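Coming up are structure 1 and structure 2: the same protein chain in two forms, each one given alone as structure tokens.
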Structure 1
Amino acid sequence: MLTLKHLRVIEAIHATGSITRAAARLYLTQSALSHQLVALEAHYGMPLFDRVRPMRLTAGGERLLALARDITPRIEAAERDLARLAGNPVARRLRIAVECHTCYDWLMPAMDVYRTRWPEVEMDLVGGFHADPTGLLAADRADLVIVSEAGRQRDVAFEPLFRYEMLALMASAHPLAAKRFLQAEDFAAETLITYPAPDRLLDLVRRVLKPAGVHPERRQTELTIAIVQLVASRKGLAALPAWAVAPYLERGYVVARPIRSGGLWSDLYAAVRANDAAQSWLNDFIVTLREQAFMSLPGIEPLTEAG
């Protein structure tokens, strides 16, 4: 009855303190994870967690957590070794390109974890802005590209990573801070502060402002902290991922509001060459990206389909 899947459920709930965040971390629906936990508790005839906030392990849960911490890393290491022994080709380099400026916040920790799992793979970041990021794969200039849309390209496989909310950022004393959420017209008389990226990569512009015929003045800067400082100085508004602005919101430098009543949600995918999609070393990097993101980034959700 007890499987590696169950041990990962115990680890995730303990780490996050809630079924909702544990499900996101494991890339499961909340109902699927709840069903697994209930089935496991029924099998052993005892609760494994106290249903409080945050959820706390019972004595039975503590025992399974100890087992998980002992056996899970060993199984994962064995699976990597078996892939090597089976003769699966392991690349000697993994070149990574990113489409979004804020991806480095969670990409670098994921790369650190991956190095311990596949020390023979040399990782490198492909710098600069790329008008056609997936074109880097065909040109053999990158092996994995993080992009915001899943295209329909025969030679490229798109693996879903997660979805996240974009928040409108403003000074704490700004009149718009009194609103529950911002709409397209709220940006009309403001200066929009963005990264130096084309409009097709700016979801606020592409999906909200342009369809509404709203074209605010623009100001660009390379750094997230520079955007925050300009917003705090009442130089304009910005739209950034929730995870990127969380530290500044906690310190009270700026305030954030949802964009539209249901929020403005964006997606991230890992794009790889279709011929490489089955490689163990590459799949493990994508799994590591998801794991580290759900462990550290607030407010993200599973993205279950590509395209």
Structure 2
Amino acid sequence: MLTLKHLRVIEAIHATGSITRAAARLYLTQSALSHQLVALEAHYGMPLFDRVRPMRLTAGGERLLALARDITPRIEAAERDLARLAGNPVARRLRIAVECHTCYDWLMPAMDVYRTRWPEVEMDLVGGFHADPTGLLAADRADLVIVSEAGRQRDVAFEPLFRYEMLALMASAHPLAAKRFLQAEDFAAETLITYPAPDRLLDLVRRVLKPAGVHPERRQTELTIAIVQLVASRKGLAALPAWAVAPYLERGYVVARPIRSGGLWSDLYAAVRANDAAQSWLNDFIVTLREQAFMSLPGIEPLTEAG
């Protein structure tokens, strides 16, 4: 018999193009999804996906995807209504602290989507840098903090969002562009262009350059477009999330290369007060963040609980 789980599986396989990636996104094994798909296809007596890469929906699969897209929002709306009926009428205020510049790229659209779902929740952004970001939670100055590491703090719950790759950006004719990937030493003689943020928030510095004892010259600017412009003008190198550089690569003035073999991957978590973790209006915000990120950001990957 058809279940909602099946519909989610079909959505995920279609969205990711492969059973393996769909499984990662659903926090299940590839085997589990393969079994489910086989069983569903047997039930309907027809294939639901053509086994090509990326997996392609058959007519039957299309029909089920249409069903999923039809009923999923209805179910979610009902569950929100239930949550409203059950919810204790606590402060419906959501102060979001975010320290990474590029996070705004996906945070703003996600907030727009969330606003339509929970119009009664008033959102606010807490800017600036703090020595102890999660401390903002206990100090009641924020209700949710976007962080790059899951601590083991009592009173704070860390919800994994996703992981993304940091790419080194350089002018297209730059000598380093000949390399398959860059290493710490490659930055030694260059100028590193960054956002104006403490080193602790710059993954390239914190996790690659500093451990290798490399301290390149630095230059700061606020806007992503300005960083790209300086790089294109051969003023130095930069390191940006893969999704942030993608739109600039097609013009050809800059090129991107992985950092270290295997690439430099960063994680993002949403930290909330442990007391609030069960609040559905808060939980739904985190779900929306993930959903919108996977929908709009290329090249990001699911992140499992274990930070």
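Quantities reported herein were computed from a predicted structural model and do not represent experimental measurements. The first residue in the sequence of structure 1 is number 1, and each one after it adds one. Take the two forms, find the largest set of C-alpha atoms that superpose within 1.5 Å, and that set is the rigid core.
Where's the form predicted in complex with another copy of the chain, in 1 or in 2?
Structure 2 is the one predicted in complex with another copy of the chain.
Please determine whether residue 294 and residue 150 lie in the same rigid part of the chain between structure 1 and structure 2.
Residue 294 shares its rigid part with residue 150.
What is the rotation of the smaller rigid part with respect to the larger, given in whole degrees, between structure 1 and structure 2?
Angle of the smaller part against the larger: 15 degrees.
I need the CA movement of residue 28 between structure 1 and structure 2 once the rigid core is aligned, reported in Å.
After core superposition, the C-alpha of residue 28 moves 5.2 Å between structure 1 and structure 2.
Following alignment on the rigid core, what Cα displacement (Å) is computed for residue 50 between structure 1 and structure 2?
Rounded to one decimal, the shift is 3.1 Å.
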